[in-house]
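Heads up, the chain below is alone and in the form predicted on its own; it's given as structure tokens.
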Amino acid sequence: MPELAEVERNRRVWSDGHSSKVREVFLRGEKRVFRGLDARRVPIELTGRVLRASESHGKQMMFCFGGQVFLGVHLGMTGSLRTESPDYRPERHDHIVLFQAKRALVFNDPRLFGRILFSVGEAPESWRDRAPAVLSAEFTTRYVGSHLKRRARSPLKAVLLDQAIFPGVGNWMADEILWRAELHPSRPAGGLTPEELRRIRKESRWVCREAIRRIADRGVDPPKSWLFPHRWSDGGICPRTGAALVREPIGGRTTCWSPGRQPIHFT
């Protein structure tokens, strides 16, 4: 599933349409990506509106149009945004297309795991009630510690995947954070020392910042000095210790960790 940096990269694709009017809207309103809303309202409200701005937060994107009209996009596992020419003909898995004078803004999702949010007057509630971004000033060590204590018995890996605490952090980013913090992914979340809490916050912010800089800004994957390129298949080697990595299910997700760097025995 796309994580923070991949979501921001997709948002920037549609940012080409900022300050341009929507001339026509195509959508497949019967598809499950529109679940929970009256899809018939979307073309009525968006046609003639100017795309004013957009923002990403965690794994969500919000596109803001004139007249206080909001279109939210959650990519799910296979969703993506792209631009096409203004005479583009929507294809089978294109579920919403916003036609502008110089381009078409396309949301495509072959497996329908994504979701469209829509509201008029104010942003959807899920956007307004979002958790502090990892790179925000509100994401303090105290904030992290209080939430980890609430899930004291859960493994750290599971808590780092909780979007209500670490918005935008997904499977590979959680593994990267724990590897850099030298903490085992099955460690109970409530048992960290003050220094370990500081490391979790520090590495969470560093990984998020660098992932955006590399993936969203430059369009390149993290380098070989990261865990990232070594974690995807069996037989990977830890770039810090040179020892074999371990892959196993922890917190309900396939997890990669380094035995020489993240000891399984802890007090």
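Residue indices: 1-based, along the sequence shown. Keep in mind it's a predicted model, so treat the numbers as computed, not measured.
The protein also exists as the form predicted in complex with the DNA; that form is not presented, and the subsequent description refers to it.
(request) Name the stretch, out of 155-163, 130-138, 191-199, 98-106, where some heavy atom lies within 4.5 Å of the DNA in the predicted complex. (result) Careful reading of the contacts points to 155-163.
(message) Would all three of 52, 68 and 205 be in contact with the DNA in the predicted complex, where contact means some heavy atom lies within 4.5 Å?
(response) No residue of the spot touches the DNA in the predicted complex.
(message) Considering non-hydrogen atoms and a 4.5 Å limit, does the DNA approach residue 254 in the predicted complex?
(response) Heavy-atom contact with the DNA at 4.5 Å: present for residue 254.
(message) Even though the partner isn't displayed, in the predicted complex is residue 110 close enough to the DNA, meaning a heavy atom within 4.5 Å?
(response) Although the DNA is absent here, residue 110 would touch it in the predicted complex, with heavy atoms inside 4.5 Å.
(message) With a cut-off of 4.5 Å between heavy atoms, is residue 186 one of the residues that contacts the DNA in the predicted complex?
(response) Outside the cut-off, so no.
(message) How about residue 3 - does it come within 4.5 Å of the DNA in the predicted complex, if we only consider non-hydrogen atoms?
(response) It does: once the DNA is placed as it appears in the predicted complex, residue 3 has a heavy atom within 4.5 Å of it.
(request) Check each of 28, 59, 230, 214 and return the one that places a heavy atom within 4.5 angstroms of the DNA in the predicted complex. (result) Residue within 4.5 Å of the partner: 59.
(message) To verify the annotation, which of these, 124, 90, 76, 145, has a non-hydrogen atom within 4.5 Å of the DNA in the predicted complex?
(response) After the contact test, the surviving option is 76.
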